[in-house]
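There is one chain below, alone, in structure tokens, taken in the form predicted alone.
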Amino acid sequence: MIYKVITKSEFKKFINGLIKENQTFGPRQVDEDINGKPIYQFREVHSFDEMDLDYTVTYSSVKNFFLPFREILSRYTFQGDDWEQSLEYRVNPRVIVGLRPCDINGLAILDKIFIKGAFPSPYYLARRNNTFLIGMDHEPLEDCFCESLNHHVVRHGFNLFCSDLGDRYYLSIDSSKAFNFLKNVETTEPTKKDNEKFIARKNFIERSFKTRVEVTGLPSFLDIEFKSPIWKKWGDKCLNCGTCAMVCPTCYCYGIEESIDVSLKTSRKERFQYSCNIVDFAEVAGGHNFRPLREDRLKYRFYHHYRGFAENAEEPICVGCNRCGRACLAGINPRDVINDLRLESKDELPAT
């Protein structure tokens, strides 16, 4: 890792240079919620001033830039008794500005699955390799619990990360591409005072978290609570809409569809995002459903997030952004579910 310091005026010049040469996305206000609070999303920008880098959090994550809601995997053409398949992985270079640490850590988790896993995805890899990521620190929202999962800081998975020092940014450079791009603007070596401000900024952000979730030993704990009535309590609230999975930075369950044109001359195979909370997710040929109950489906999602993936990759899949809690129409929040399970377990302990 290489560290530099850049003034905010030079940073603006740097970003405008990237925008001029690349398709660029940044945080923009797209609407307001029922309470009048702004709703942000990553949208294409054509100048630095179109972005709001002081935004709170985007409604959905950057996952959709790498795992689109629906994508064509292959096309087929039929002629006589013969057929041909066409595949395309090409992605034009692009830049995404203003990612929060939890979003970057979410992509790092997806990298373990779609790049370093047993079956790498060339579609994901093409998008990842052709995307230049610029992250920025921020003060947490009241319901964020990234710090509990150690996802409030980033160590890899980005090209450039900016820590706000007031009139300047402290830059963490994690790729040769970012280092070379920065040669076009003026940067300086961090001074002792810069380093002190950088550490103070990190400590301030860590102290600012108001929501904490106890995740120590959670995989084993979930095993103990597998048949807990708490699952029915929260499962009865679940609407099985799948909204949580759509906004989540790391949910990656999907379905496959094959469609044939009415001419019988062409067809295509598509992958689309799906959710284990949806009624027919575990339904198989013949109509049998392995998880027919709402509490079973909700429990499966929690087990995938906090137990199954943790066993295989040594970390939970959840990054603590709480997008699912904010988006849930039924008011289901990971913090509340986990706290309920822990409280029940304490109540069951024998008196000493």
Partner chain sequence: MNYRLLKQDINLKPFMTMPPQFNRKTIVMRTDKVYKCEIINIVELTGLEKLFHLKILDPVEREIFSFRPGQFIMLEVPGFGEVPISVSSSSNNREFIELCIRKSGRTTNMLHRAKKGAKVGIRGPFGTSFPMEEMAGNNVLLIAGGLGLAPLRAPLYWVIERRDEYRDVAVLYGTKEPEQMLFTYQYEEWEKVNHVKLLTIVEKADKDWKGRTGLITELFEEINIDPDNTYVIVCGPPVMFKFVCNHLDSLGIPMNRMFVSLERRMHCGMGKCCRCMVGSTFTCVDGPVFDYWSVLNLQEAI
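Since the model is a prediction, treat every value here as computed from it, not as a measurement. Positions refer to the first chain, counted from 1.
There is also a form predicted together with its partner chain; it is not shown, and the following applies to it.
Here the marked residues 255, 269 and 290 all reach its partner chain in the model of the complex, each with a heavy atom within 4.5 angstroms. Among residues of the shown chain, residue 188 is not one whose heavy atoms approach its partner chain to within 4.5 Å in the model of the complex. Although the partner is absent here, residue 197 lies well away from its partner chain in the model of the complex, with no heavy atom inside 4.5 Å. Its partner chain in the model of the complex comes within 4.5 Å of a heavy atom belonging to residue 81. Among heavy atoms of residue 21, some come within 4.5 Å of its partner chain in the model of the complex. In plain terms, the part of the chain that comes close to its partner chain in the model of the complex, with a heavy atom within 4.5 Å, is 175-183 out of 202-210, 141-149, 175-183, 162-170. Residues are counted as partner-facing when one of their heavy atoms sits within 4.5 Å of its partner chain in the model of the complex; in 211-247 these are 223, 226, in sequence order.
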